[in-house]
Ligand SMILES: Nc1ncnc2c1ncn2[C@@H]1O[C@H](COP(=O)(O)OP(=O)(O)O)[C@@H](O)[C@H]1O
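Given as structure tokens, the chain that follows is alone and in the form predicted on its own.
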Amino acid sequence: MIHLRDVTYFYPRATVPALAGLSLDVPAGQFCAVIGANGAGKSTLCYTLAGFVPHFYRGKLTGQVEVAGVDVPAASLAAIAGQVGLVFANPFNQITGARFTVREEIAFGLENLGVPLDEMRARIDDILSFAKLTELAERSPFALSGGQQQRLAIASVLVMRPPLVVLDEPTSQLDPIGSKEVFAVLRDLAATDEATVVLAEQKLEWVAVFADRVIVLHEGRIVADGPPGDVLASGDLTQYGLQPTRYTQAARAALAAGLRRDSAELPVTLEEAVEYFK
């Protein structure tokens, strides 16, 4: 689904690359989380996958970027948009303001594509159910909570049925309940094999629960890549400006205090911590 080879990118007038020699392969149907400190290159990677780099932000891009069989630097944004759906951190940036209800907002993209009415209705009903928005279908998008608005933004992308969904910190403005709602929708999406999900995120405790794979970016490079339990329990996270989950921190404190002496794997989720401290 995603094939990057030796990708380096400089924003216009920048002297330091935002991405530096980055290579990455992501298979279809995977939920891949990208983590890193501010400035690590997470958003730039998202924009590269969606074609905003280099077609919108310009700058200098070298290396190979292929997404869903599309050569991103050579293709038009219109061609890339049919393969990649991008969700921003702030749902207000994606709600059009041109429609009065949640149902109409989701229909907006399909209308612009000229999708037949019967197919449009079926797709909208399906995605409303999938995103748990059916009961809110006739409500104004601006009358929704933050979590509901973000689910609407995601639904408006998913209804277009892109093979790849890229999300740039979509829970940054949400409370724990809203964050969990968004992560659950993404997990269910990847689990159905209907789309590949790449998520840039800072909330490591939710990443640990829901993601299939975690990639750590630092100064535009991949410095760790693997299952959540391996990556998030690593002692190397702090040198990249990241803090382990509270459960990992508690386990390390227990080891330091002599309360645990075995070599059991450190927990990264609440469920693992419960078992660890039994």
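For clarity, every value in this text was computed on a predicted model and none was experimentally measured. Note that residue numbering begins at 1 and tracks the sequence as displayed.
Same protein, other form: the form predicted together with this ligand, not shown, and the subject of what follows.
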Q: Only one of 29, 39, 226, 241 comes within 4.5 Å of this ligand in the model of the complex by heavy atoms, so just point that one out.
A: 39
Q. Taking 4.5 angstroms as the cut-off for heavy atoms, does residue 234 touch this ligand in the model of the complex?
A. no
Q: Answer for residue 44 alone: is it within 4.5 Å of this ligand in the model of the complex, judged on heavy atom distances?
A: yes
Q.
At 4.5 Å between heavy atoms, is residue 18 in contact with this ligand in the model of the complex?
A. yes
Q) For the chain shown here without its partner, which stretch in 31-39, 63-71, 206-214, 242-250 has non-hydrogen atoms within 4.5 angstroms of this ligand in the model of the complex? A) 31-39
